Ligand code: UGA
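Shown next as C-alpha coordinates: one chain only, the form predicted on its own.
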(Lines give C-alpha, C1' and ligand atoms only; values in the text may rest on other atoms or scores of the structure.)
Protein backbone atom coordinates (compact mmCIF):
# COMPACT_ATOMS: atom_id res chain seq x y z
CA UNK A 1 0.00 0.00 0.00
CA UNK A 2 1.21 3.49 -0.87
CA UNK A 3 0.38 6.21 1.62
CA UNK A 4 0.88 9.97 1.79
CA UNK A 5 2.82 10.13 -1.48
CA UNK A 6 2.57 12.88 -4.08
CA UNK A 7 1.63 11.17 -7.33
CA UNK A 8 0.89 12.07 -10.95
CA UNK A 9 -1.03 9.70 -13.23
CA UNK A 10 -1.06 10.34 -16.98
CA UNK A 11 -4.22 8.95 -18.56
CA UNK A 12 -5.79 9.09 -15.11
CA UNK A 13 -9.33 9.49 -16.47
CA UNK A 14 -9.11 6.44 -18.73
CA UNK A 15 -10.10 2.87 -18.00
CA UNK A 16 -7.09 1.61 -16.04
CA UNK A 17 -5.95 5.08 -14.96
CA UNK A 18 -9.23 5.97 -13.27
CA UNK A 19 -9.24 2.73 -11.27
CA UNK A 20 -5.63 3.39 -10.25
CA UNK A 21 -6.47 6.96 -9.25
CA UNK A 22 -9.37 5.81 -7.08
CA UNK A 23 -7.21 3.25 -5.30
CA UNK A 24 -4.41 5.75 -4.62
CA UNK A 25 -6.81 8.46 -3.40
CA UNK A 26 -8.43 5.93 -1.05
CA UNK A 27 -4.96 5.10 0.28
CA UNK A 28 -4.55 8.76 1.34
CA UNK A 29 -2.12 9.85 -1.36
CA UNK A 30 -2.13 13.25 -3.01
CA UNK A 31 -3.00 12.48 -6.64
CA UNK A 32 -2.84 14.57 -9.80
CA UNK A 33 -4.83 13.18 -12.72
CA UNK A 34 -3.34 14.32 -16.05
CA UNK A 35 -5.55 13.52 -19.06
CA UNK A 36 -6.50 15.12 -22.37
CA UNK A 37 -10.10 13.83 -22.15
CA UNK A 38 -10.10 13.00 -25.86
CA UNK A 39 -13.16 11.74 -27.71
CA UNK A 40 -11.66 8.31 -28.44
CA UNK A 41 -13.14 7.21 -25.13
CA UNK A 42 -16.73 7.56 -24.08
CA UNK A 43 -17.56 9.78 -21.13
CA UNK A 44 -14.15 9.96 -19.46
CA UNK A 45 -15.53 12.67 -17.20
CA UNK A 46 -17.86 10.07 -15.70
CA UNK A 47 -14.91 7.78 -14.96
CA UNK A 48 -13.63 10.23 -12.36
CA UNK A 49 -16.91 11.56 -10.95
CA UNK A 50 -16.11 10.04 -7.58
CA UNK A 51 -12.79 11.88 -7.49
CA UNK A 52 -13.91 15.39 -8.43
CA UNK A 53 -14.77 16.34 -4.85
CA UNK A 54 -11.83 14.54 -3.22
CA UNK A 55 -9.59 17.00 -1.39
CA UNK A 56 -6.49 14.94 -2.18
CA UNK A 57 -7.12 14.79 -5.95
CA UNK A 58 -6.36 17.42 -8.61
CA UNK A 59 -7.55 17.08 -12.21
CA UNK A 60 -5.45 18.60 -14.99
CA UNK A 61 -6.54 18.69 -18.62
CA UNK A 62 -3.32 18.22 -20.52
CA UNK A 63 -1.69 16.25 -23.31
CA UNK A 64 1.45 14.14 -23.02
CA UNK A 65 2.58 15.72 -26.30
CA UNK A 66 2.78 19.07 -24.45
CA UNK A 67 6.18 18.82 -22.76
CA UNK A 68 5.99 22.22 -21.08
CA UNK A 69 2.65 21.39 -19.47
CA UNK A 70 3.97 18.01 -18.34
CA UNK A 71 6.96 19.66 -16.67
CA UNK A 72 4.71 22.22 -15.01
CA UNK A 73 2.31 19.55 -13.77
CA UNK A 74 5.08 17.43 -12.26
CA UNK A 75 6.74 20.50 -10.77
CA UNK A 76 9.06 20.02 -7.85
CA UNK A 77 6.71 18.18 -5.53
CA UNK A 78 5.69 14.97 -7.39
CA UNK A 79 7.40 11.86 -6.00
CA UNK A 80 5.92 9.11 -8.20
CA UNK A 81 4.70 9.12 -11.80
CA UNK A 82 2.45 6.46 -13.32
CA UNK A 83 2.51 6.80 -17.11
CA UNK A 84 -0.73 5.13 -18.22
CA UNK A 85 -1.69 7.50 -21.07
CA UNK A 86 -1.48 5.97 -24.53
CA UNK A 87 -3.23 5.52 -27.85
CA UNK A 88 -4.50 1.97 -27.39
CA UNK A 89 -5.94 -0.50 -29.85
CA UNK A 90 -4.23 -2.95 -32.20
CA UNK A 91 -6.86 -2.45 -34.89
CA UNK A 92 -6.84 1.32 -34.47
CA UNK A 93 -3.06 1.29 -34.92
CA UNK A 94 -3.33 -0.66 -38.18
CA UNK A 95 -5.51 2.14 -39.55
CA UNK A 96 -3.59 5.07 -38.00
CA UNK A 97 0.05 4.07 -37.35
CA UNK A 98 1.38 7.65 -37.31
CA UNK A 99 -0.96 8.79 -34.54
CA UNK A 100 -0.22 5.65 -32.52
CA UNK A 101 3.52 6.26 -32.83
CA UNK A 102 3.29 9.96 -31.96
CA UNK A 103 1.30 9.42 -28.78
CA UNK A 104 2.93 6.22 -27.55
CA UNK A 105 6.55 6.93 -28.48
CA UNK A 106 6.92 10.72 -28.53
CA UNK A 107 4.53 11.01 -25.59
CA UNK A 108 6.64 8.59 -23.56
CA UNK A 109 9.86 10.42 -24.43
CA UNK A 110 8.22 13.64 -23.24
CA UNK A 111 7.30 11.88 -20.02
CA UNK A 112 10.87 10.69 -19.52
CA UNK A 113 12.31 14.15 -20.18
CA UNK A 114 9.82 15.72 -17.78
CA UNK A 115 10.72 13.23 -15.05
CA UNK A 116 14.42 13.66 -15.75
CA UNK A 117 14.06 17.37 -14.97
CA UNK A 118 12.06 16.85 -11.78
CA UNK A 119 12.44 15.49 -8.26
CA UNK A 120 10.30 12.43 -8.99
CA UNK A 121 11.81 9.27 -7.53
CA UNK A 122 10.27 6.68 -9.86
CA UNK A 123 8.37 6.30 -13.12
CA UNK A 124 6.09 3.35 -13.88
CA UNK A 125 5.50 2.86 -17.62
CA UNK A 126 2.39 1.02 -18.81
CA UNK A 127 3.30 -1.38 -21.63
CA UNK A 128 1.53 -4.31 -23.26
CA UNK A 129 1.77 -8.01 -24.04
CA UNK A 130 1.56 -6.91 -27.68
CA UNK A 131 5.34 -6.34 -27.58
CA UNK A 132 5.84 -10.13 -27.76
CA UNK A 133 4.04 -10.84 -31.01
CA UNK A 134 3.26 -14.48 -31.93
CA UNK A 135 4.35 -16.73 -29.05
CA UNK A 136 7.36 -18.97 -29.49
CA UNK A 137 6.31 -20.82 -26.34
CA UNK A 138 3.62 -20.63 -23.66
CA UNK A 139 3.27 -19.26 -21.08
CA UNK A 140 5.21 -16.15 -22.07
CA UNK A 141 7.87 -14.92 -19.65
CA UNK A 142 9.80 -11.65 -19.83
CA UNK A 143 12.71 -13.37 -21.63
CA UNK A 144 10.46 -14.28 -24.54
CA UNK A 145 11.54 -12.65 -27.84
CA UNK A 146 9.83 -9.35 -28.62
CA UNK A 147 8.55 -9.37 -32.19
CA UNK A 148 5.35 -7.27 -32.43
CA UNK A 149 3.11 -7.66 -35.48
CA UNK A 150 1.07 -4.46 -35.09
CA UNK A 151 2.02 -0.77 -35.04
CA UNK A 152 0.57 -0.64 -31.53
CA UNK A 153 2.87 -3.41 -30.30
CA UNK A 154 5.85 -1.80 -32.05
CA UNK A 155 5.07 1.56 -30.43
CA UNK A 156 4.88 0.03 -26.98
CA UNK A 157 8.16 -1.81 -27.48
CA UNK A 158 9.84 1.40 -28.68
CA UNK A 159 8.53 3.18 -25.57
CA UNK A 160 10.01 0.43 -23.40
CA UNK A 161 13.36 0.77 -25.15
CA UNK A 162 13.39 4.51 -24.48
CA UNK A 163 12.59 3.86 -20.82
CA UNK A 164 15.52 1.48 -20.52
CA UNK A 165 17.82 3.90 -22.38
CA UNK A 166 16.89 6.75 -20.03
CA UNK A 167 17.61 4.47 -17.08
CA UNK A 168 21.02 3.58 -18.47
CA UNK A 169 22.02 7.07 -19.60
CA UNK A 170 20.35 9.33 -17.03
CA UNK A 171 19.77 6.97 -14.11
CA UNK A 172 15.99 7.38 -14.07
CA UNK A 173 14.31 4.75 -11.91
CA UNK A 174 11.79 3.44 -14.44
CA UNK A 175 10.22 0.05 -15.05
CA UNK A 176 7.67 -1.17 -17.60
CA UNK A 177 4.59 -3.28 -16.93
CA UNK A 178 3.28 -5.50 -19.72
CA UNK A 179 -0.51 -5.71 -19.34
CA UNK A 180 -2.38 -8.78 -20.61
CA UNK A 181 -5.96 -8.12 -21.87
CA UNK A 182 -7.23 -6.02 -18.98
CA UNK A 183 -11.03 -5.91 -18.57
CA UNK A 184 -13.61 -4.66 -16.09
CA UNK A 185 -16.01 -1.80 -15.39
CA UNK A 186 -15.40 1.34 -17.46
CA UNK A 187 -13.36 -0.51 -20.09
CA UNK A 188 -13.20 0.95 -23.59
CA UNK A 189 -16.17 0.32 -25.88
CA UNK A 190 -13.89 -1.06 -28.61
CA UNK A 191 -12.72 -3.96 -26.44
CA UNK A 192 -14.03 -7.49 -27.05
CA UNK A 193 -15.74 -8.10 -23.71
CA UNK A 194 -17.59 -4.79 -23.99
CA UNK A 195 -18.67 -5.45 -27.58
CA UNK A 196 -19.72 -9.04 -26.83
CA UNK A 197 -21.71 -8.01 -23.74
CA UNK A 198 -23.49 -5.24 -25.64
CA UNK A 199 -24.49 -7.64 -28.41
CA UNK A 200 -25.57 -10.45 -26.09
CA UNK A 201 -27.72 -8.17 -23.91
CA UNK A 202 -29.43 -6.94 -27.07
CA UNK A 203 -30.04 -10.58 -27.97
CA UNK A 204 -27.89 -10.13 -31.08
CA UNK A 205 -25.23 -12.66 -32.13
CA UNK A 206 -21.69 -11.51 -31.22
CA UNK A 207 -19.12 -11.60 -34.03
CA UNK A 208 -15.93 -13.60 -33.48
CA UNK A 209 -12.92 -12.85 -35.68
CA UNK A 210 -11.38 -16.17 -36.69
CA UNK A 211 -12.49 -19.55 -35.36
CA UNK A 212 -12.68 -18.50 -31.72
CA UNK A 213 -9.93 -20.88 -30.64
CA UNK A 214 -7.48 -18.03 -30.10
CA UNK A 215 -6.74 -17.60 -26.41
CA UNK A 216 -6.17 -14.63 -24.14
CA UNK A 217 -4.97 -14.09 -20.60
CA UNK A 218 -7.92 -12.01 -19.36
CA UNK A 219 -6.90 -9.91 -16.34
CA UNK A 220 -9.42 -8.11 -14.14
CA UNK A 221 -8.64 -4.43 -13.70
CA UNK A 222 -8.42 -4.61 -9.88
CA UNK A 223 -5.61 -7.16 -10.19
CA UNK A 224 -3.78 -4.98 -12.71
CA UNK A 225 -4.07 -1.98 -10.39
CA UNK A 226 -2.71 -3.98 -7.48
CA UNK A 227 0.29 -4.92 -9.63
CA UNK A 228 0.87 -1.31 -10.68
CA UNK A 229 0.89 -0.15 -7.07
CA UNK A 230 3.12 -3.05 -6.04
CA UNK A 231 5.65 -2.04 -8.70
CA UNK A 232 5.92 1.42 -7.17
CA UNK A 233 6.65 -0.03 -3.73
CA UNK A 234 9.11 -2.69 -4.90
CA UNK A 235 12.88 -2.23 -4.96
CA UNK A 236 15.38 -3.22 -7.64
CA UNK A 237 12.94 -2.71 -10.52
CA UNK A 238 14.83 0.00 -12.44
CA UNK A 239 15.24 -0.85 -16.12
CA UNK A 240 13.13 -4.00 -15.76
CA UNK A 241 9.93 -5.21 -17.42
CA UNK A 242 7.23 -7.27 -15.71
CA UNK A 243 4.23 -9.23 -16.97
CA UNK A 244 0.93 -8.39 -15.28
CA UNK A 245 -1.63 -11.03 -16.22
CA UNK A 246 -3.85 -13.55 -14.46
CA UNK A 247 -1.56 -16.41 -15.43
CA UNK A 248 -4.43 -18.30 -17.07
CA UNK A 249 -5.84 -18.37 -20.59
CA UNK A 250 -9.28 -18.86 -22.10
CA UNK A 251 -10.36 -19.11 -25.71
CA UNK A 252 -12.68 -16.53 -27.21
CA UNK A 253 -15.24 -19.32 -27.55
CA UNK A 254 -14.91 -19.97 -23.80
CA UNK A 255 -15.33 -16.25 -23.16
CA UNK A 256 -18.55 -16.10 -25.17
CA UNK A 257 -19.91 -19.12 -23.31
CA UNK A 258 -19.13 -17.52 -19.95
CA UNK A 259 -20.73 -14.22 -20.98
CA UNK A 260 -23.86 -16.00 -22.22
CA UNK A 261 -24.07 -17.76 -18.87
CA UNK A 262 -23.47 -14.52 -16.92
CA UNK A 263 -26.21 -12.70 -18.87
CA UNK A 264 -28.71 -15.56 -19.02
CA UNK A 265 -28.84 -15.30 -22.80
CA UNK A 266 -29.12 -18.05 -25.42
CA UNK A 267 -27.68 -16.31 -28.50
CA UNK A 268 -25.11 -18.00 -30.72
CA UNK A 269 -22.00 -16.25 -32.10
CA UNK A 270 -21.21 -15.76 -35.77
CA UNK A 271 -17.71 -16.07 -37.21
CA UNK A 272 -15.79 -13.93 -39.67
CA UNK A 273 -12.21 -13.64 -40.91
CA UNK A 274 -9.32 -12.99 -38.54
CA UNK A 275 -8.19 -9.37 -38.15
CA UNK A 276 -4.70 -8.18 -39.07
CA UNK A 277 -2.37 -7.57 -36.16
CA UNK A 278 -4.07 -10.03 -33.80
CA UNK A 279 -1.89 -12.75 -32.28
CA UNK A 280 -3.34 -16.22 -31.78
CA UNK A 281 -2.47 -16.68 -28.13
CA UNK A 282 -1.42 -14.77 -25.03
CA UNK A 283 -0.68 -16.32 -21.65
CA UNK A 284 1.41 -14.58 -19.02
CA UNK A 285 4.06 -16.23 -16.92
CA UNK A 286 3.87 -13.96 -13.85
CA UNK A 287 6.58 -15.70 -11.83
CA UNK A 288 8.88 -12.67 -11.97
CA UNK A 289 6.15 -10.23 -10.91
CA UNK A 290 5.15 -12.48 -8.03
CA UNK A 291 8.73 -12.82 -6.83
CA UNK A 292 9.92 -9.22 -7.23
CA UNK A 293 6.70 -7.22 -6.86
CA UNK A 294 4.68 -9.50 -4.61
CA UNK A 295 2.00 -9.50 -7.32
CA UNK A 296 -0.89 -11.85 -6.58
CA UNK A 297 -3.93 -11.70 -8.94
CA UNK A 298 -7.10 -12.87 -7.22
CA UNK A 299 -10.12 -12.44 -9.51
CA UNK A 300 -11.38 -15.46 -11.46
CA UNK A 301 -12.72 -14.83 -14.93
CA UNK A 302 -16.20 -15.91 -13.81
CA UNK A 303 -16.21 -13.36 -10.99
CA UNK A 304 -14.69 -10.65 -13.18
CA UNK A 305 -17.23 -11.11 -15.98
CA UNK A 306 -20.11 -11.03 -13.49
CA UNK A 307 -18.79 -7.72 -12.12
CA UNK A 308 -18.48 -6.30 -15.63
CA UNK A 309 -21.99 -7.38 -16.65
CA UNK A 310 -23.43 -5.93 -13.42
CA UNK A 311 -21.68 -2.60 -14.14
CA UNK A 312 -22.88 -2.59 -17.74
CA UNK A 313 -26.48 -3.24 -16.72
CA UNK A 314 -26.29 -0.43 -14.14
CA UNK A 315 -25.76 2.20 -16.84
CA UNK A 316 -28.73 4.15 -18.17
CA UNK A 317 -29.42 3.88 -21.93
CA UNK A 318 -27.86 7.27 -22.67
CA UNK A 319 -24.67 6.21 -20.88
CA UNK A 320 -24.15 3.06 -22.93
CA UNK A 321 -21.52 3.71 -25.60
CA UNK A 322 -21.82 2.52 -29.15
CA UNK A 323 -19.28 -0.10 -30.15
CA UNK A 324 -18.27 -1.41 -33.53
CA UNK A 325 -19.62 -4.87 -34.42
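Residue numbers count along the first chain shown, from 1. Keep in mind it's a predicted model, so treat the numbers as computed, not measured.
One more form of this protein exists, namely the form predicted together with the named molecule; it is left out here, but the text below deals with it.
**Student:** Taking 4.5 Å between heavy atoms as the contact cutoff, choose which of 109, 78, 208, 201 touches the named molecule in the model of the complex.
**Tutor:** Contact check passes for 208.
**Student:** Could you check which residue among 90, 105, 149, 225 gets a heavy atom within 4.5 Å of the named molecule in the model of the complex?
**Tutor:** Answer to the contact question: 90.
**Student:** Is residue 144 a contact residue for the named molecule in the model of the complex, using a 4.5 Å heavy atom cut-off?
**Tutor:** Contact check for residue 144: no, nothing within 4.5 Å of the named molecule in the model of the complex.
**Student:** For residue 248, is any heavy atom within 4.5 Å of the named molecule in the model of the complex, or not?
**Tutor:** Residue 248 lies outside the contact set for the named molecule.
**Student:** Please tell me whether any heavy atom belonging to residue 180 falls inside 4.5 Å of a heavy atom of the named molecule, as the geometry stands in the model of the complex.
**Tutor:** Contact with the named molecule, yes.
**Student:** Is residue 196 close to the named molecule in the model of the complex, meaning a heavy atom pair under 4.5 Å apart or at it?
**Tutor:** Within the cut-off, so yes.
**Student:** I need the one stretch from 136-144, 184-192, 164-172, 234-242 whose residues put non-hydrogen atoms within 4.5 angstroms of the named molecule in the model of the complex.
**Tutor:** Partner-contacting stretch among the options: 184-192.
**Student:** Three residues, 128, 216 and 252; all within 4.5 Å of the named molecule in the model of the complex via heavy atoms?
**Tutor:** The answer is yes; 128, 216 and 252 each reach the named molecule.
**Student:** Just to make sure I understand: among 267-298, which residues lie within 4.5 Å of the named molecule in the model of the complex, judging by heavy atoms?
**Tutor:** Just 278.
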